[in-house]
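This document opens with one chain alone, in structure tokens, the form predicted alone.
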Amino acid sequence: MAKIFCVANQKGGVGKTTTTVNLAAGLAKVGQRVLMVDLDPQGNATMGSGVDKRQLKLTLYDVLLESASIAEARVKSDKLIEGGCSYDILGANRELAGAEVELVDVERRERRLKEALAKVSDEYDFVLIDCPPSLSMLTLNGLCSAHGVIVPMQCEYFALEGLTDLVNTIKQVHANLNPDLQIIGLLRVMFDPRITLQAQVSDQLKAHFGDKVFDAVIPRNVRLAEAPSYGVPGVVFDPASKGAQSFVSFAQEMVDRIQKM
């Protein structure tokens, strides 16, 4: 039975997609069966996993409208297989933006993804859902499907304000739609220990959230930033880089944490 996690933050530009694809690759590298779901119409997680979103015959759009199953729509990337970090991808492209409108009057609209994932749950150890930055019907589908939320965040002042909004959203979904939903942990990303403010915010996070803050820290890393232009996660692009090694450590920490839950 798969553990399903949303990678979410209502603040844009905090590295949600980078976290999703590199955690998926890291989990695959440590021997886990992984499905990555791209819930963002921009399709960046799809492209960053080595799949051309323009060439997809079936996407998450078809799954949400129940014209295809996940088993029919998922794909594998040749680049990931060559890199030894293969995971399944349920891709997205701009068609997905239309799903919001088409789902407005539909029954069980916020549970479409949950019901689709239930049919393939036994085939995976982890399902990772890359959420868009807004609280939309798409994000709601992700949160209703998930056992927990992984929150990537930069250690900056405005990031703390965004975190408050996200915690309130998760509480509302937990109370009304998904009693299983909880924050699994906060992941510090694009971290530069030389910046005093980042170290201070990191300390504040640990003081307030305790063991909800992951031990792994993802440094600001050029190789991670370059990887999407080659259509692969940083873990595959340059396995020896500090960023890639940090994500593999994070993946192992995730496995260990789930085994204790």
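One rule holds for the numbers: they count along the sequence shown, beginning at 1. Computed from a predicted model, the values in this text were never measured in an experiment.
Below: the form predicted together with ligand ATP, not depicted.
When contacts are judged by a 4.5 Å heavy atom cut-off, A199 does not count as touching ligand ATP in the predicted complex. R220 belongs to the set of residues with a heavy atom inside 4.5 Å of ligand ATP in the predicted complex.
Ligand ATP is not shown here, and in the predicted complex it never comes within 4.5 Å of any heavy atom of V248. With a 4.5 Å cutoff on heavy atoms, M190 counts as touching ligand ATP in the predicted complex.
Partner contacts here mean any heavy atom within 4.5 Å of ligand ATP in the predicted complex, and among 207-215, 38-46, 54-62, 231-239 they occur only in 38-46. Residues of 1-38 placing a heavy atom within 4.5 Å of ligand ATP in the predicted complex, in sequence order: K11, G12, G13, V14, G15, K16, T17, T18.
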